[in-house]
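Here you get one chain, nothing else, as structure tokens; it is the form predicted on its own.
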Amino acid sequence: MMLHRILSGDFPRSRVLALALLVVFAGLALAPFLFPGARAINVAATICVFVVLVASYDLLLGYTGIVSFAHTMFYGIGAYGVGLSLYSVGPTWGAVFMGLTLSLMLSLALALLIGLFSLRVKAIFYAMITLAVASAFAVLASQLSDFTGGEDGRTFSVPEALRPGFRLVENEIFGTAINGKLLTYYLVFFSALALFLLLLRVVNSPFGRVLQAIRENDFRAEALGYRTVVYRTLANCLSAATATLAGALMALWLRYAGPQTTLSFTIMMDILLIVVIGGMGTLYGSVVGAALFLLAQNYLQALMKQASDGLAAVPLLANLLHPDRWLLWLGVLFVLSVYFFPTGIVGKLRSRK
């Protein structure tokens, strides 16, 4: 009964999917103790943030049928809001909450304006409008160098409890220091978990059912008495607010806010790829897709180097698996995943069930 409430009645409905979700959850929950090293914990924290970021975008694309290219703008607003507040005011919790509040207000205002003025047009025109707004915001962030730091971004200090030098317990536990870095990781992990479960609750509520009805046939939903523009605007605002919170978590983890880490169009493409790989209209797809994509992005090159070194006696295969060609093989893996899982990994597993 408790699990039913936590998952909002939306169970994986596939043993393979349930096992995959359990492995990802356990891996992220115990990452600092299972995978020592700065790189491993950084990848785990990035997966946590991207699960929330991708799930919030899936609320738009997968559940409501809205194609938007402005998602990284809201992500960047959250990162810059918290980062610039800490940079200007100082490393206090008050500065964190002030930056978070201001960034949420700005994101909701922009999402509301974009929703009210743009969601009445056809899908392709709305996508182009969001792309133009996001591009303008990225240029603005780069040009206002005195305020945002320009292309270099801003590095800032975080509250003392989140600094690596802070020790909650003097002795190590299972060989891991209980310091500020560990506390920051679990702040990111539990915040991401709470936001994901909140989105799961939203898509399984009557509001979420209306969004899916709008995605399937907006004219019929309008005929049934639902004001589709209102529902789309609310979905846009909710998605933007969640993306803003994800950006704030990333800023706290990196202790840095810059255009390449939050506003880059490459991040928007990564979000789209993860949604497609995991499965549109399935929030669980954001978990599986983000984990697979980011693990491949961070470790595929190292695995290819090992394989290339092991196949040195076969020059052709060694050259094909040269680590400099990791982007090529990442693209091949994406094509294969789309071919064998046209509805995404989660969609395929659930359809098999």
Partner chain sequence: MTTTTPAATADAELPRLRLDTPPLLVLPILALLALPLIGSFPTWVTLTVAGLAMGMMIFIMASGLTLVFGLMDVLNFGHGAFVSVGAFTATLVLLPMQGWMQADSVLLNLAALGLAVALAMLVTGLLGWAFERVVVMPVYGQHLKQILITMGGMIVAEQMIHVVWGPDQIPLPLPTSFRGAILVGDAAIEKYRLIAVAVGLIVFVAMFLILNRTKIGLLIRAGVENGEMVEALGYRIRRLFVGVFVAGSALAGLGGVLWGLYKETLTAAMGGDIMVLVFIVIIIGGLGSVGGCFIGALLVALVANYAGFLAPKIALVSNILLMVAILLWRPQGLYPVAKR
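Numbering follows the first chain given and starts at 1. Just so you know, these numbers come straight off a predicted model, no measurement behind them. Rigid core here is just the name for the largest C-alpha set that superposes within 1.5 Å across the two forms.
Another form, the form predicted together with its partner chain, is not on view; read the next lines as being about it.
Participant: Would F69, A136 and G331 all count as contacting its partner chain in the predicted complex, using a 4.5 Å heavy atom cut-off?
Facilitator: Every listed residue reaches its partner chain in the predicted complex, so yes.
Participant: Of the residues L100, L193, L238, V276, which one places a heavy atom within 4.5 Å of its partner chain in the predicted complex?
Facilitator: By the 4.5 Å criterion, the partner-contacting residue is V276.
Participant: Which of L187, M280, A95, L108 has a heavy atom within 4.5 Å of its partner chain in the predicted complex?
Facilitator: Going through each option in turn, the one that passes is M280.
Participant: Of these, 200 to 208, 251 to 259, 219 to 227, 139 to 147, which stretch puts a heavy atom within 4.5 angstroms of its partner chain in the predicted complex?
Facilitator: Of the stretches listed, the one contacting the partner is 139 to 147.
Participant: Can any non-hydrogen atom of K305 be found within 4.5 angstroms of its partner chain in the predicted complex?
Facilitator: No, no contact at 4.5 Å.
Participant: With the cut-off set at 4.5 Å between non-hydrogen atoms, does V338 touch its partner chain in the predicted complex?
Facilitator: Close contact exists here: in the predicted complex, V338 approaches its partner chain to within 4.5 Å, heavy atoms only.
Participant: Although its partner chain is absent from this view, report whether G9 comes within 4.5 Å of it in the predicted complex, heavy atoms only.
Facilitator: So G9 does not count as contacting its partner chain.
Participant: State yes or no: in the predicted complex, is some non-hydrogen atom of M269 no more than 4.5 angstroms from a non-hydrogen atom of its partner chain?
Facilitator: Yes, M269 sits close enough to its partner chain in the predicted complex that at least one of its heavy atoms falls within 4.5 Å.
Participant: Suppose contact means any heavy atom within 4.5 Å; which members of 125 to 141 contact its partner chain in the predicted complex?
Facilitator: F125, A127, M128, I129, L131, A132, V133, S135, A136, V139, L140 sit within 4.5 Å of the partner.
Participant: Please state whether R39 has a C-alpha shift of 2 Å or more between the shown form and the other one, with the rigid core used for the fit.
Facilitator: No, its C-alpha moves less than 2 Å.
Participant: State yes or no: after fitting on the rigid core, is the Cα displacement of G65 between the shown form and the other one at least 2 Å?
Facilitator: No: G65 shifts by under 2 Å between the shown form and the other one.
Participant: After superposing the rigid core, is the C-alpha displacement of L328 2 Å or more between the shown form and the other one?
Facilitator: Where the cores coincide, L328 still shows a C-alpha shift between the shown form and the other one that is 2 Å or more.
Participant: Given that the distance between the C-alpha atoms of V335 and G27 changes by 3 Å or more in the predicted complex, do they end up closer or farther than here?
Facilitator: Farther apart in the predicted complex, by 3 Å or more.
Participant: Check L336 against A20 at the C-alpha atoms and report closer or farther in the predicted complex, compared with the shown form; the change is 3 Å or more.
Facilitator: Those two alpha carbons end up farther apart in the predicted complex.
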